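In the form predicted alone, a lone chain appears below as structure tokens.
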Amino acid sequence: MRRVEARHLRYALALAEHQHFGRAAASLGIAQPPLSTQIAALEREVGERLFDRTPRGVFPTAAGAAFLAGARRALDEMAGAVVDAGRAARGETGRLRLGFIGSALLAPLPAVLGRFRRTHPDVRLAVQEMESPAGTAALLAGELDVAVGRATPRGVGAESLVTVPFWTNHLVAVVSTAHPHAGRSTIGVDQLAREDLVITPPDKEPAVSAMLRALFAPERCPLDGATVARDVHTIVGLAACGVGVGLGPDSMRRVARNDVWFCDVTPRVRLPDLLLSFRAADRSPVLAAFLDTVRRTCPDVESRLDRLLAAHPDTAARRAAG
């Protein structure tokens, strides 16, 4: 016997438990002679007598007792390794690196990440807020597993990504409760053109900035003198202070305050979708588990995501390779 195998450890432990070759063989489902032969071969491999054969039974020697203690530990570790391998294959352990724009924390990331944390508590989440272009660059560089933003990924390597619409928003305005529009359900674009506005930095969400600029006549664009706020929370806070009318996604309504009022913008303006992107060739079980959570949490994403995966050449090549 060139090496000690797991079955030899089980044979030795069964013999120690039953203290009889016949009973041990029966418990293992093998005949007695092969068990005797294997134990003798094991002793030759170890170089020590592991069992005393006596008329009263078969008992471990001092060397045998030490060997059996190690055998138990080895089998326990092997069983644990099998469990760990299965958990890793199912995406229950590992790491997920996620980059996101701040407004995604209003919706839908709280529901998605909350569910993922509950169902995959042993996955290490590394999350980082970053602008959409930076998220794409980090994803292409292999520094992220998932990126959530509003800009469609572009540039060298963008064709290797799968990008699916993740969440839809329309434009709303937020005003102080002292503002003349407080209490109204809507505010028109023409009315917004006469207001001081509060917006996010154009370079932070360029797709939103371009869409807002297209709303207003170029000769009198209120965005040129708008107050720039770091995020939607700051927009709401400045609106509450009476600095101006804040503009942002309808998910901004989740910033609950009793000193502001939200109005839908008319005509209804759909903002660029929140987009979820990942590398099509990424075979990580953790990523697969996260995408399953997205499917369950955002049902509208499921069919679009499956169609995109089926059509992408990287995933098609992976399926063909088996």
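Computed from a prediction, not measured in an experiment: that's the story for all the values here. By rigid core we mean the largest C-alpha set that fits within 1.5 Å across both forms. Residue numbers run from 1 along the displayed sequence.
Although it is not shown, the form predicted in complex with a further copy of the same chain is what the next lines describe.
Among heavy atoms of V162, none comes within 4.5 Å of a further copy of the same chain in the predicted bound form. Contact between P202 and a further copy of the same chain in the predicted bound form is not found at the 4.5 Å heavy atom cutoff. With a 4.5 Å cutoff on heavy atoms, G70 counts as touching a further copy of the same chain in the predicted bound form. Interface residue remark: D84 is counted as part of the site for a further copy of the same chain in the predicted bound form, having a heavy atom within 4.5 Å.
Screening 31-39, 257-265, 291-299, 48-56 for residues having heavy atoms within 4.5 Å of a further copy of the same chain in the predicted bound form returns a single hit, 48-56. Of the residues in 53-80, those that come within 4.5 Å of a further copy of the same chain in the predicted bound form through at least one heavy atom are, in sequence order, A62, A63, A66, F67, G70, A71, R73, A74, E77, M78.
Comparing the forms between the shown form and the other one, the C-alpha position of D273 differs by less than 2 angstroms, with the core used for superposition. Here D264 does not count as shifted, since its C-alpha moves by less than 2 Å between the shown form and the other one after the core is aligned.
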